[in-house]
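First comes one chain, alone, set out as structure tokens in the form predicted on its own.
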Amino acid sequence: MNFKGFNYKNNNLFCEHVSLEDISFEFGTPIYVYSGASIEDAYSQLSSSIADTNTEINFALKANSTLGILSLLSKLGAGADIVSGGELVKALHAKINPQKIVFSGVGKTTEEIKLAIKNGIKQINAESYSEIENIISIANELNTKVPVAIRVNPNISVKTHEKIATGSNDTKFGMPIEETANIYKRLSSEKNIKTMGLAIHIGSQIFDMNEFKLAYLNILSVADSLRQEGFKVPNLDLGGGLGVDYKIAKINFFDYGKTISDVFKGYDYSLSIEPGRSLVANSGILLTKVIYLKKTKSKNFIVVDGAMNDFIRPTLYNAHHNVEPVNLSKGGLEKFDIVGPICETGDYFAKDALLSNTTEGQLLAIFSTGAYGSVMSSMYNSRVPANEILVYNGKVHKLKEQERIEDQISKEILPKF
């Protein structure tokens, strides 16, 4: 096991210096536990890999928007890539510099665009003709210079899950690359638009650096062509998507940074990237307790108190996540499906996981849940989502109050029939 921030001491699993068993006694289960040292380490590796380039790191809030995590990333120097007005408000609450905030996404409402303008963010990445016309209309109405970049769709198909591929023409994202120049010229003619450059994002969980390189070369070609015609193209937003190998917790920061350096060496573009998963995935575990063991002729099950409402990636993407006992013990290995209490066959965390001496009441750690974990949780089956804590600088930081079913009921209105 190679997870920075998590280690076994005397066969007991710790997050940094804190026993996960002690955490379960104090806070209960299920609960997300994050290692601040892991986040710092990932951020440091990424920063080092791009040190010889003029590249800004804008964390993608869609991966994890818990304020405590955002606050730590802000402290480390990160900006933000946001895709909603709500994420903008969260980024500002976490003290992220507005001039390091980029607003992406295909469905920005008029209210969200005005909120972004009011708060003076770095740029809005426009993704359709209709959105561009709306931004122009708002800018003229407010008589304010609005910073806008064009998100380019390079029509590149990448080797990843179809639900997280975003760079081909049959997805909803971006503007066709062959139309980019004319769109950019149109924007440049508007008195209340400040053209900021071009943006790109081809998908998530990308491991082949040649796919990044091809996308970068495509956007560079368009940018150079516009500059040759006399247009200002100051920034290139390269998106995110660097893959995380969930089985071995490996992230290839070095080759990723080298790819950026190789493509843009000798150019004076200001660059930005939008990492999300790669900075926080391995920083978190979901701590859960075994409720029941159920053995049948065809399958063995471990039923835990966590569920797909807490962590949905295995259900949604057939994603693999390592599961380890908090207390190691010797013994013969048995195969189990690790499942939750929700009334869905798809409510599982692992299939055919090999575990030894599993007992009811035992604690299990589901690894690499720091990205697309709590942020995708829900109240399905009227189950309150798992709580969250951060271990950082020798302290356990409670990140939110544990939600209760009474809190949800208090928000609903009972009609008088």
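Numbering starts at 1 and follows the sequence shown. Predicted, not measured: the structure shown is a model, and the values here were computed from it.
Unshown form predicted in complex with a small molecule; subsequent notes refer to it.
- The shortest heavy atom separation between residue 223 and the small molecule in the model of the complex exceeds 4.5 Å.
- Proximity of residue 81 to the small molecule in the model of the complex falls within the 4.5 Å heavy atom cutoff.
- Using a 4.5 angstroms threshold between heavy atoms, residue 372 counts as touching the small molecule in the model of the complex.
- The closest non-hydrogen atom of residue 276 lies within 4.5 Å of the small molecule in the model of the complex.
- Among 186, 313, 100, 114, the residue placing a heavy atom within 4.5 Å of the small molecule in the model of the complex is 313.
- Checked against the small molecule in the model of the complex, the candidates 389, 384, 376, 363 yield a single residue with a heavy atom inside 4.5 Å, and that residue is 376.
- Residues with any non-hydrogen atom within 4.5 angstroms of the small molecule in the model of the complex fall in just one of 325 to 333, 213 to 221, 238 to 246, 302 to 310: 238 to 246.
- Against the small molecule in the model of the complex, the set 45, 207 and 258 makes no contact: no member has a heavy atom within 4.5 Å.
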